[in-house]
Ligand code: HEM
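Single chain ahead, written as structure tokens, the form predicted on its own.
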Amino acid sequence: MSKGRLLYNYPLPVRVWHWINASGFVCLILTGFQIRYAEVLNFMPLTVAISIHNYVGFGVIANFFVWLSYYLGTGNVKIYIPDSRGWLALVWEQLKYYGYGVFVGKHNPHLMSPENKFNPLQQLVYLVVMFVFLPAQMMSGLFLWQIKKYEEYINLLGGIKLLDTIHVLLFFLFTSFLVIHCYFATLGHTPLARFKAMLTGFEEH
């Protein structure tokens, strides 16, 4: 089978950020499960899990601001902003592909390029995840880290129980997102093509 053309879709800063973020998420999820279900899980001491969770959490927060600075500084943040022109029709085409086309060998209706990296559904999901859910999770985590110090702000947000509930719900959301993200990453022209692209920067089309 002949090879397609190679496009440099993932610059080095994006790849470095991505893998730091991915490893941080996995670590936070594992330690989060240990902290949340300490009475039934015991794959690491609770104090160790809390300590790792806190340190890695700060690393993910710092990494987020590196990501934000890069995309704002380069102007590439626009790849996350859906184009309102024909957006619903494009979303419908993408839904049909994910719900049916991908299982019968249809081609992805979205043609990826460095300037148009995400399809309309990805744009919507990543926009909400990166600019709403992730900042909310980081803020709730910071408040839970120093409850006494941020008690006034916690009370303004509805109290510790509500804040903890938000943090846990977002924790499950990010866990689900990671699983779904890995599944969709296998939908390239080969199951490992997109994983390879995130290592080399080049994606075959």
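One rule holds for the numbers: they count along the sequence shown, beginning at 1. Please read all numbers here as calculations on a predicted model, not as lab measurements.
One more form of this protein, predicted together with this ligand, exists but is not displayed; see below.
Quick one: in the model of the complex, does every one of 17, 122 and 185 get a heavy atom within 4.5 Å of this ligand?
-> So, yes: the whole triplet contacts this ligand.
Would you please decide whether residue 97 lies within 4.5 angstroms of this ligand in the model of the complex, comparing each non-hydrogen atom pair?
-> Flag for residue 97 set to no.
Classify residue 117 as contacting or not contacting this ligand in the model of the complex by the rule of any non-hydrogen atom within 4.5 angstroms, answering yes or no.
-> Although this ligand is absent here, residue 117 would touch it in the model of the complex, with heavy atoms inside 4.5 Å.
Should residue 150 be counted as a contact of this ligand in the model of the complex, where contact means heavy atoms within 4.5 Å?
-> Residue-level check for residue 150: no, no contact with this ligand.
Contact label in the model of the complex: residue 58 to this ligand, heavy atom within 4.5 Å | Close contact is absent here: in the model of the complex, residue 58 is far from this ligand, nothing within 4.5 Å, heavy atoms only.
Between 131 to 169 and this ligand in the model of the complex, list the residues on our side with a heavy atom within 4.5 Å.
-> Result: 134 alone.
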